[in-house]
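Here you get one chain, nothing else, as structure tokens; it is the form predicted alone.
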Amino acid sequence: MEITRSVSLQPLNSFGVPAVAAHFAAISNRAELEEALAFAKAERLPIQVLGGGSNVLFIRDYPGLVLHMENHGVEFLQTMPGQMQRVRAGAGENWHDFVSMCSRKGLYGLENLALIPGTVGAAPMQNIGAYGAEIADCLIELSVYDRKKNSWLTMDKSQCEFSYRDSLFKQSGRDRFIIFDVTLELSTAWYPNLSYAALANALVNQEPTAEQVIEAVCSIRRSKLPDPGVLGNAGSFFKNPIISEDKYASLLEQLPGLPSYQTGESGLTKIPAAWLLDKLGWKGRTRGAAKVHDAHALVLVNTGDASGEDILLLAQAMSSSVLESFGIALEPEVQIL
């Protein structure tokens, strides 16, 4: 394993903003991870794990060691009762490629999560979700390195503390655990999940195959979100707020027609952040080369040479306006470094 100095992170983050890592290591196996961590400890360096770079915003150079997870490999494991099979994937695997591979192998449950950018290892950290599904629905366990105990651990789903776009690995365990591989349990029987209205409408009067669901999901995503290879972005910048039903009733008086969605928790409802930002006229507004996308108020884009600070300041202005107008604090989905 080679540790290099002064490595540009601009091609490794989907916003495409400039940043430099003081030290950088590509990690392809457990021994390399242990070696890199030992180097960081000896040099007293902070550590940042980086996967596909699709959910981070660098606002300055990183002064420590960036660990780029490049461990690949997919293992199809034992079959389980109830027409289920387990599959394990390395943290460095591309998420969308993994979803497509599972579908081709006749393993189902991930179709609604197609085309989400990033890697397998980053998926549990964010508890990625879309169109009525999230990774927590089928995750069984993770292999992680525990930096506090200097040992490898297997963590089950209950230990991950999953919630809406959140997990232990984004909160108290962010600086402690490094995800190395992920084990999921998928169905060998095909049942499409069409609980999301736009997806159901796209496939109306059909009995779709898994491939058709994936195609429909990809089409919907492409219609809403710009390609980060063309226009730098990280998808939705903010989470959809979860508020009390009393707060929602009060907002309805101010904002007739405000949509809401079930959360599965009594007394709480979820509302679309994009709808609030639309009401405040944020689409198309800019700060330098940072811009709110013309078609989607939740998406911030780099139109050319925006800095991470430009994007952050634009996001903060958006969040402040929602708080002042509606009394709701927007929480970023994106990790700000």
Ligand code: EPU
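These numbers were taken from a predicted model, which means no experiment stands behind them. Just count from 1 along the sequence shown to find any residue number.
Beyond the structure shown, there is the form predicted in complex with the ligand, which is absent from this document and is the topic of what follows.
The partner is not drawn, yet in the model of the complex one stretch among 293-301, 40-48, 65-73, 25-33 has residues with heavy atoms inside 4.5 Å of the ligand: 293-301. The closest non-hydrogen atom of N240 lies within 4.5 Å of the ligand in the model of the complex. By the criterion of a heavy atom within 4.5 Å, Y196 is counted among the residues contacting the ligand in the model of the complex.
Taking the partner from the other structure, the ligand in the model of the complex has no heavy atom within 4.5 Å of any heavy atom of G308.
Taking non-hydrogen atoms only, P192 never approaches the ligand to within 4.5 angstroms in the model of the complex. For the residues P226, G173, G129, P208, the 4.5 Å heavy atom test against the ligand in the model of the complex is passed only by G129.
Residue R221 is the only one of R86, R147, K247, R221 with a heavy atom lying within 4.5 Å of the ligand in the model of the complex. Contacts to the ligand in the model of the complex (heavy atom within 4.5 Å) from stretch 300-337: E333 only.
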